[in-house]
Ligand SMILES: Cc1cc2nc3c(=O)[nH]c(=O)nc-3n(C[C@H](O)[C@H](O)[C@H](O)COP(=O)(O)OP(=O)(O)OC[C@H]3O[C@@H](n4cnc5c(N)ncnc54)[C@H](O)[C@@H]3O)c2cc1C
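Only one chain is included here, represented as structure tokens and corresponding to the form predicted alone.
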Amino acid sequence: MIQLKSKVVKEKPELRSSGSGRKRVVVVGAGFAGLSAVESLKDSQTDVILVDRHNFSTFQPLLYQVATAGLNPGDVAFPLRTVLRARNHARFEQGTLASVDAEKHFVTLEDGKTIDYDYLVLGIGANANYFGIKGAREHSHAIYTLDEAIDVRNHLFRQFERAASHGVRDGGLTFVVVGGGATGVEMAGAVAELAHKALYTDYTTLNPDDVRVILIEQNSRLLEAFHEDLSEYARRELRARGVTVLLQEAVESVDPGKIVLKSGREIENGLVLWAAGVAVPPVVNHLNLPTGRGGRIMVGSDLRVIGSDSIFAVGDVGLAVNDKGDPLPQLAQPAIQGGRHAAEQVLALIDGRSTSPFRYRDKGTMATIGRRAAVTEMPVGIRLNGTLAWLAWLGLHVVTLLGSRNKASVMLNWMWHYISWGKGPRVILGG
């Protein structure tokens, strides 16, 4: 892949500054990328408007623990107005992006409201990628939002309650996870631990042998982004927790209560969890911005959208590349670093300086399998697994959470679950 350069613009665009003369920066999306950009602009002479469909930021890496009753929903959500409370000249606007007018410098939200900008940072994240598989979108569950995590949590416990009341029918206690990347491995391990421990404490009338957790991966090994030794370690640990790992198996279709594999195998189940990959939100197709591989918005070396002088696309939605020309992974660190870089380039443009190319610094990758089992791979060749990697994973996630209350709550919850292994708030939420 050839790394593209941003278009050189000699004339400054007509800017839509506020009455104070400060340039207005609109940041759409309050994920890792968007919040990193806002944080980097906190001491600047700009007016910042943060736009998101929710009035809170979700810590996505821990959503699977909400889905399996390890954490409460409030542990992974933090109010955006609280984030901006100490930021002078920054405010929050709740809304969902509908369109961008790059020529006239304004965005339109789904409710019809328009917001003018001098510079725009798009960090709108990603959704589940179903790859056009029949029935996958309709009959499986993804975990990319807090609502989806709560929905999965409720579905899991409804299956247990139904089995306890009416017996196990039609694979009602078979839970299938599609995708052997970090998300799929973490979800499979958490569901297996929840299921088996819940049976010993809360659902004692059920037979543990009736619970099956199946992880399906179309490639020849799990965690392909990791070294082979760590992939094999993850497979062994999952099997030790009762997870059936099916490698080199692809999904043909997903029907209500049944998943069909291309090999012809059919698996009756009570829940299909989809963790097979990510795709850009559908709104990207309506923004009239250039897109490339995976539908991601094409950006130049400084993360400005190709053909634009004032729009940046960062995180999962932007097609940033590394020094070899390969797309950066859609993970937290590229998003955080990209958001910070975009903010720095905005300030450079305001000051009349040239922009600089984005250089991603790989800080390593982590994935957890379950209690006292995780894998960590550092760019310098250091590889860890087991308890040490698990402790490192715990520490990193606590440090990167927003809010002191959330950090304390997550630590207390984890300590309680470790001490009282097998117990937890297994309630069905909502109506």
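A residue's number is simply how far along the shown sequence it sits, counting from 1. Because the structure is predicted, anything quoted here is derived from the model rather than measured.
Omitted from view is the form predicted together with the named molecule, to which the following refers.
283 is the sole member of 283, 164, 102, 298 with a non-hydrogen atom lying within 4.5 angstroms of the named molecule in the predicted complex. The candidate spot formed by 134, 157 and 269 is out of contact with the named molecule in the predicted complex: none of the three has a heavy atom within 4.5 Å.
Contact annotation: the named molecule lies within 4.5 Å of heavy atoms from the stretch 178-186 in the predicted complex, the single such stretch among 253-261, 340-348, 178-186, 240-248. Put simply, residue 171 is far from the named molecule in the predicted complex: not one heavy atom of it is within 4.5 Å. Using a 4.5 angstroms limit between non-hydrogen atoms, residue 33 touches the named molecule in the predicted complex.
The closest heavy atom approach of residue 60 to the named molecule in the predicted complex falls within 4.5 Å. Residue 129 falls outside the set of residues with a heavy atom inside 4.5 Å of the named molecule in the predicted complex. Applying a 4.5 Å heavy atom cutoff to the named molecule in the predicted complex picks out 123, 124, 125, 126 from 102-136, in order along the sequence.
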